[in-house]
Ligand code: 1GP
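One chain is shown next in structure tokens, namely the form predicted on its own.
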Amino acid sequence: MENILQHIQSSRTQSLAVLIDPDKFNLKKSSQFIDKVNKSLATHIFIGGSRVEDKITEALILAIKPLTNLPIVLFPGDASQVSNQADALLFLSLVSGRNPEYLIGQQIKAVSKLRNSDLEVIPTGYILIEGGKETATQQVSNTKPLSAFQEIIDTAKAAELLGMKLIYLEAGSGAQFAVSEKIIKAVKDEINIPLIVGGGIRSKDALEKAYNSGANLVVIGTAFEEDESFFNEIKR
């Protein structure tokens, strides 16, 4: 498996991740769903959620791994979702919030699972952006999303200066609106590391706007949960 961070850094084309929430996914539909993913423009599969029961994440990975050659990347809501069966882990720090449990606490809890792991661990500055509704991330982390333009930019830059390898701008699962083109462009102009954007993207047009504004990788989850026909818009 190619180094995933290097691929995102060096790729001349934009990347697309399909996010699967283990708590909402029907394992019986794994083959049908992953077949659509394989025929789409997706370059990665992200797995994770804000609230996931213990061991469900690993069961999902084991179910879909034989069905695809795409890299499987953990996008965990907490340390319990870390699984050595994946290819990589976004080692998230919720830098938009001030709750120490999600800035460093869960990361410490994950170390025992990572100490002898082969997972590619990618330090990622995770920034929750106002998306028009209260999200599960807000509820679980007990943090507020950012809405002030300059604060968002400064937070992204601070995360880069702290040593993060990726910045993830997230409007939240089921967001009413996506991260704005203005914010994506301003953050991209400020940082020198790859930018991931997710939340509220439900059309090919919204996807293209995120790319054109500077996103290196776009994450789509809820759109597929609500309507798998969206895959028809992003076929290879």
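Just so you know, these numbers come straight off a predicted model, no measurement behind them. Residue positions are given as counts along the sequence shown, with the first one as 1.
One more form of this protein, predicted in complex with SN-glycerol-1-phosphate (1GP), exists but is not displayed; see below.
Look at 191-199, 205-213, 33-41, 60-68: in the predicted complex, residues with non-hydrogen atoms within 4.5 angstroms of SN-glycerol-1-phosphate (1GP) sit in 191-199. Within 4.5 Å of any heavy atom of SN-glycerol-1-phosphate (1GP) in the predicted complex lies no heavy atom of Q14. Contact check for G221: a heavy atom falls within 4.5 Å of SN-glycerol-1-phosphate (1GP) in the predicted complex.
SN-glycerol-1-phosphate (1GP) is not drawn, but in the predicted complex it has no heavy atom within 4.5 Å of A186. Contact annotation for I56: none of its heavy atoms lies within 4.5 Å of SN-glycerol-1-phosphate (1GP) in the predicted complex. Residues of 122-149 placing a heavy atom within 4.5 Å of SN-glycerol-1-phosphate (1GP) in the predicted complex: Y126 alone.
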